[in-house]
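This document starts with one chain, in the form predicted on its own, laid out as structure tokens.
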Amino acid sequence: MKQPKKRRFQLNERQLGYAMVAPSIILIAVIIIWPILLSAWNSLFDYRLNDPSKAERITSLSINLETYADNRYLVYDTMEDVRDTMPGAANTLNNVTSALDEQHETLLKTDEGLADRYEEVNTMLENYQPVNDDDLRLTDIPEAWADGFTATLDEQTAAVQALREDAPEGAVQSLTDLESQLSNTKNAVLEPNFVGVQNYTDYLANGRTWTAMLNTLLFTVVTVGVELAVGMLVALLINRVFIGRGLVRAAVLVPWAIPTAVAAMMWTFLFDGQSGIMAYYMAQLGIIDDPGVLLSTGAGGMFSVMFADIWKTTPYMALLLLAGLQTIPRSMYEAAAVDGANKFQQFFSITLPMIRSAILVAVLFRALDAFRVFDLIYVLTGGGPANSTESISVYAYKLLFEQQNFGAGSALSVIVFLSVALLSTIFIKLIGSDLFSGRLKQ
């Protein structure tokens, strides 16, 4: 009997479509979604590098074996120095040694295999090797041992402090070092720093966060509005045929071609109250009362960053609008002129409706870019004076890298991401839905 042919593996049309877009989805997840999820995870901890006890993301009571072994070695080494310079302290030092040894032996018995891990870490330190493996470096410890260890170190530190009262001059430095090393050994015990959504509630209740958000919104609305109006005028100008049009187009694009940090530094000199030529002529024309107000007052600082941004990115807006203008057939204007329409009627009846999609794309791109503004403000004013020009991105940067408070900075970064996502959704749903309607109908 003839066996039926085995059916070959075959995808239907829907499955084939998903298979084709799968690499793009995976790429987006790795490049975009993963860093956001990592920031969201960091924001759930009181995670800061300027505090050794919170330099790790710890969800349970733990000990840092690298810190413990390193400082334990230093404590024993320094005690030998103290013995040499202060023989009368032998009893106290023997008590410190006994107490530390007892705690150490108890620690190694709290977990099977901990002794081997401690020896491995100790050997790596002796060979000047970094301990980068968190699974090797960090281990959970019982709360009872942590309390006893902390109390013991406090007691022995007090005993060492008492020695300093009668210590000879040559032993003072060694005793000071010993106190510091005992304190650092105690810091090897890491308290859980998981705080949940506390970073969000703290910073959403912080007035500085809302000031930064309002500065960002004001900057976005004003700069994008002015750039749209000026960019439209520039696009209409360079869309016309005249002698030297190519030179004008190249000149218009120069500000956009300059790196933002360089442009910000340039405007810092131009707005300077003592030597800035821009500040000088603004004062001469009566635009400002004094050249010094531009970078020394809140209103002057905000005007300065807006002016610099408008100068820098208006060419980008004009370029996008020019692309839209060049898609309009000349015959439409000729027909309108035959019907008696003047230039204003042609602009509002033909030009604006025909480049509506270009306008929406330009406004969307510039609004998202302006909301994330960082380098221009950071270089030009640093967010000052008195945080009056500080955007939400600049505030997040200061928390993340200047204060090294990664938990709070990550929370603000997530807030920026959610704000940008909300802004994009509003544009797409309420304003720019027509951009995609034609594509969806196909």
Partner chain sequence: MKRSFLMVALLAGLGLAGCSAFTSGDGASDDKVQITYARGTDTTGATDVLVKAFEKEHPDIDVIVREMPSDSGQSHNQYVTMFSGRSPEVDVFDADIVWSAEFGQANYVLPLDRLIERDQINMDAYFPATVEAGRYNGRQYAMPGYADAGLLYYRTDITDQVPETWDELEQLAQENMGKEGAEFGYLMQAAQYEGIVTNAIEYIYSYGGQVLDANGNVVINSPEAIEGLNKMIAIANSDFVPNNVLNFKEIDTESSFNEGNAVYARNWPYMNDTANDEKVSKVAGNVGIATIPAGSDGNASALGGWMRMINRYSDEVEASWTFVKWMSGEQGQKISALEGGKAPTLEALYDDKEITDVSAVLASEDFYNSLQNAIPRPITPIYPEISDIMQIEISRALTGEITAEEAVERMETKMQAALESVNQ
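Residue numbers count along the first chain shown, from 1. Predicted, not measured: the structure shown is a model, and the values here were computed from it. Each form is matched to the other, and the largest set of C-alpha atoms that superpose within 1.5 Å is called the rigid core.
One more form of this protein exists, namely the form predicted together with its partner chain; it is left out here, but the text below deals with it.
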{"item": "Any non-hydrogen atom of residue 312 within 4.5 angstroms of its partner chain in the predicted bound form", "value": "no"}
{"item": "4.5 Å heavy atom contact, residue 48 and its partner chain in the predicted bound form", "value": "yes"}
{"item": "Residue 328 within 4.5 Å of its partner chain in the predicted bound form, heavy atoms", "value": "no"}
{"item": "Partner contact for residue 208 in the predicted bound form: its partner chain, 4.5 angstroms, heavy atom", "value": "yes"}
{"item": "333, 145, 256, 73 - the one with a heavy atom within 4.5 Å of its partner chain in the predicted bound form", "value": "73"}
{"item": "Contacting member of 98, 284, 274, 91, with respect to its partner chain in the predicted bound form [4.5 Å, heavy atom]", "value": "274"}
{"item": "Interface segment, criterion being heavy atoms within 4.5 Å of its partner chain in the predicted bound form, picked from 172-180, 352-360, 247-255, 226-234", "value": "172-180"}
{"item": "Contacts with its partner chain in the predicted bound form - residues in 380-406 whose heavy atoms fall within 4.5 Å", "value": "383, 384, 385, 386, 387, 397, 398, 401, 402, 403, 404, 406"}
{"item": "Shift of residue 120 between this form and the one not shown at or above 2 Å (CA, core fit)", "value": "yes"}
{"item": "C-alpha of residue 84 moved at least 2 Å between this form and the one not shown on rigid core", "value": "yes"}
